[in-house]
Ligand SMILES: Cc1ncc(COP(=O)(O)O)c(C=O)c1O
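Quick setup: one chain, the form predicted alone, written in structure tokens, and binding and motion questions come after.
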Amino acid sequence: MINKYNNSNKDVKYLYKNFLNIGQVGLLDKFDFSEDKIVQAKKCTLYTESGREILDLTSGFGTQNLGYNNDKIISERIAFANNNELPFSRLFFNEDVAKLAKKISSMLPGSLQYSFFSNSGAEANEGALKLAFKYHNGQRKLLIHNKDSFHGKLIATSQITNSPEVYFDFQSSLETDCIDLSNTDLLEEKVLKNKDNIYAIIIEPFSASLARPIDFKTLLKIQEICNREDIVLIFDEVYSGFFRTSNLFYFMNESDLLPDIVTYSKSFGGGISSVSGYTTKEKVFTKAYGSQKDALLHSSTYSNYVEESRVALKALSIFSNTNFQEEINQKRKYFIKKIHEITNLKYVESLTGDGFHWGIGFEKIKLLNLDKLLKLLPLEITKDPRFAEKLYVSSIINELYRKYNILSYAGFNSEIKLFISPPIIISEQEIDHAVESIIKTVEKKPLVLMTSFVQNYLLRFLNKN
């Protein structure tokens, strides 16, 4: 591979450290992949400057369901630019934005009809919260969210993210209550105590940060309570949408489920557009924003952006294609069958997930066995009560990359898991390579993996200095 850019990887790190994020450099520098520079990406493969071909099992954190640089998506964007089309349209009606709203509505069940398009999943969620609040005309004040939830890192969405990853208490803008929504009796109790004061419940039908679905019986009961009490039910499918799980959206696996609002992002933009959205029922939208007076209460400069809408429309045309769906169904069946081969490994405690997103939980590591290793590390790092678990999963990630040219990642919610989440277009050959490599890696003793990880990091650190 030829480096198309002037700066070396070392130069890029310098720029990050001095102009973007010092801490991010420190975090990523612990891994071998921090030494590589990606110069090209196609389908499920990342190409490094040094000539390595890396199988990506992260899907760009959910953005690359269609694989990197899908030909149809790229062609659509190039055609848009070559034709000098109007990229921004606020005072003129635009065909692409209108068609996108109609298309997403046609792919969703029931009366989910009106859409708003923003830039990120967190923005889509905040837009949904505003809509729900306005639906009740500000008369209800309380928002309910789930234990271990993850809805974003903006001011409002960080308040309804119940994960150790967002540990800092930023300024408060919402009146919220976090409860275990799997306990519907507890929810009934909460509703009774807050009669006519809860304006919305937001929940992830499939939690990507835990790789765990909520059972449909529970979701149906929550929906029943919301319908009875006129509480707006919001399904956050930002990560789980567009066939990341076993349907277009996870909730669509149960025909009787229908939220008042569904939010989405990630692969909505086909892997190259920063676009997200929510779609809501006609009755919710018209009551909240149906008048001329209220029409512009929720907007931003880059909302309903034309060029992003064109690309998203092309992505939806791919996702809705019957032949594509049949092909993906076959890949999904094979992937699920193969990934379950991991469950019998000695150090694997759990395997949870759905579709193309799975999380592997490992047995707890005892610090008593790590005395010599801990002496090599900075004291402040080892004070983390979950340090040993994080170190073990990190060592697996590093080994997969170093030895098998596989990029993976981990989640650090209430449970620490290794995530296997490839593009949904992954081939059977690539699936075989991924599963075989994971098995070979996880079969190794944890202490051996962790020692290798720490030694590699220290050697790189010493060579730099």
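For every residue, the number given is its place in the sequence shown, counted from 1. All values reported here derive from a predicted model rather than from experimental measurement.
There is another form of the same protein, the form predicted together with the ligand; it is not shown, and what comes next is about it.
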Thinking of Gly121, Gly152 and Glu204 as one candidate spot, does the ligand come within 4.5 Å of a heavy atom in every one of them in the predicted bound form?
yes
Can you work out whether Val262 and the ligand are in contact in the predicted bound form, taking contact to mean some heavy atom pair no more than 4.5 Å apart?
no
Consider Leu131 of the chain shown here, and say whether it contacts the ligand in the predicted bound form, taking contact as heavy atoms within 4.5 Å.
no
Indicate whether Asn125 is a 4.5 Å heavy atom neighbour of the ligand in the predicted bound form.
yes
The ligand contact at Val238 in the predicted bound form, heavy atom, 4.5 Å
yes
Name the stretch: of 332-340, 192-200, 143-151, 317-325, exactly one has residues whose heavy atoms fall within 4.5 Å of the ligand in the predicted bound form.
143-151
Which of the residues spanning 36-64 lie within 4.5 Å of the ligand in the predicted bound form, based on heavy atoms?
none
